[in-house]
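A lone chain, given as structure tokens: the form predicted on its own.
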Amino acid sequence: MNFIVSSSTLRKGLQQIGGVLNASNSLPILDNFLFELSGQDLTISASDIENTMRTKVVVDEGKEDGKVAVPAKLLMDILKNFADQPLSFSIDTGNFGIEISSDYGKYKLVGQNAGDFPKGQELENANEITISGDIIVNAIDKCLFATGNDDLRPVMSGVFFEFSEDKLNFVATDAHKLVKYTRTDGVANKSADFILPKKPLNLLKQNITSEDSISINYNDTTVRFSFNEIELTSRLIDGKYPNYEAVIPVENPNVLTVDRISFLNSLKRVSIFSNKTTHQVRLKVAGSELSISAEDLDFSNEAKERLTCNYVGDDIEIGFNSKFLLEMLNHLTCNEVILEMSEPNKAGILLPVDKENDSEKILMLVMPVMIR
């Protein structure tokens, strides 16, 4: 098995899929990339059992098709230190010896049997949908931060993909905050849903661009994303996602409209003085004035600021965790936001006034912190 490939081309391919690799693995074979040569096509795979990522690199010259597992860290480390130049790989498939020749010299390492590398998950009876990269990029950006980290509730640790014939919903919640991102410019042939874990979401975020076209194949246990010569196959989170619609309050007569950046900066300053356990800030709205305050009784710290706003409804005082509000405001890009409220003990709804895309809807929910 022999081939010649550009060092920068190979490095780029390995960087695309290298995020799958874990720092430590129970199976030594998972510390390797799988190289499979067929003609001038070099298919490279990385896996952690739960997720398998493949990319295809075109080599300058290929002889003797074959496959071998190559030590990932060693290969990545040597490639980082090459300027762009052709590298010649000569692999003995009998003892898995690998010799790399460059303009500077030769380097020898030992690979492993490609037969030990985990087989990719098969997708039987799969449904398929093709959507634009713009939808996936925005959905991950808006939802990922709201996923949970509770091992006892694994279904909340991923993003809920909900496909129907008239829209696509992406939902994330950790029981304290919730984000629902909806797109009407992408539809499925039939209704379906699945929960995708954090790791593949981050891998998609690193590799997808808004211009890509994404083919998604999925069944009850597995999903495969295909785009730009890259293929990511992931095991889904098993379980039923909570009925998120039930926690979104419908009647919210108190509606606050405020400049997002002013609100964000004010919260950043005031929250410094909040209690370090609850991170509570108080919002008090009366007329066209929004008062934002925080205090830490243990250290006699307190802060208070006022903002001009538009408000419709009864005067209200409500407490929120400032960390959640700051996260939400940071993940919106609009000029003004709407905060809908009903009572001090019920969730607030954060909505953008203006949207980047007429086909999208963003709803962010934050649970209140009871004011003592």
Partner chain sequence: MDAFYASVEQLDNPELKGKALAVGGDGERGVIAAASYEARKFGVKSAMASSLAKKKCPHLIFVPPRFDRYKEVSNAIRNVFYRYTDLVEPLALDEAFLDVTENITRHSSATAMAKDIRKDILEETGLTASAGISINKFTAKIASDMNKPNGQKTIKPHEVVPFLEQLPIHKFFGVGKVTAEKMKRMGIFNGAHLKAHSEAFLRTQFGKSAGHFYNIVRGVQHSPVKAHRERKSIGTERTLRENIHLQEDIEAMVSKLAKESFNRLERSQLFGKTITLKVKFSDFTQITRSKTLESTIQSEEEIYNEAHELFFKEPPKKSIRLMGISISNLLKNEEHKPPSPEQLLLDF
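Numbering follows the first chain given and starts at 1. The structure presented is a predicted model; accordingly, all values stated were derived computationally and were not measured.
Although it is not shown, the form predicted together with its partner chain is what the next lines describe.
- Although the partner is absent here, S132 lies well away from its partner chain in the predicted complex, with no heavy atom inside 4.5 Å.
- At least one heavy atom of F324 is located within 4.5 Å of its partner chain in the predicted complex.
- Proximity of N138 to its partner chain in the predicted complex: non-hydrogen atoms within 4.5 Å are absent; the residue sits far from the partner.
- The closest heavy atom approach of Y244 to its partner chain in the predicted complex falls within 4.5 Å.
- This chain appears without its partner; in the predicted complex, the one residue of Q280, N207, S266, Q121 with a heavy atom within 4.5 Å of its partner chain is Q280.
- Just one of N310, N335, N345, S26 comes within 4.5 Å of its partner chain in the predicted complex, counting any heavy atom, and that one is N345.
- The stretch in contact with its partner chain in the predicted complex, judged by heavy atoms within 4.5 Å, is 177 to 185, chosen from 107 to 115, 216 to 224, 177 to 185, 75 to 83.
- Not one of I44, A46 and R235 comes within 4.5 Å of its partner chain in the predicted complex, counting any heavy atom.
- Residues of 158 to 174 placing a heavy atom within 4.5 Å of its partner chain in the predicted complex: T173 alone.
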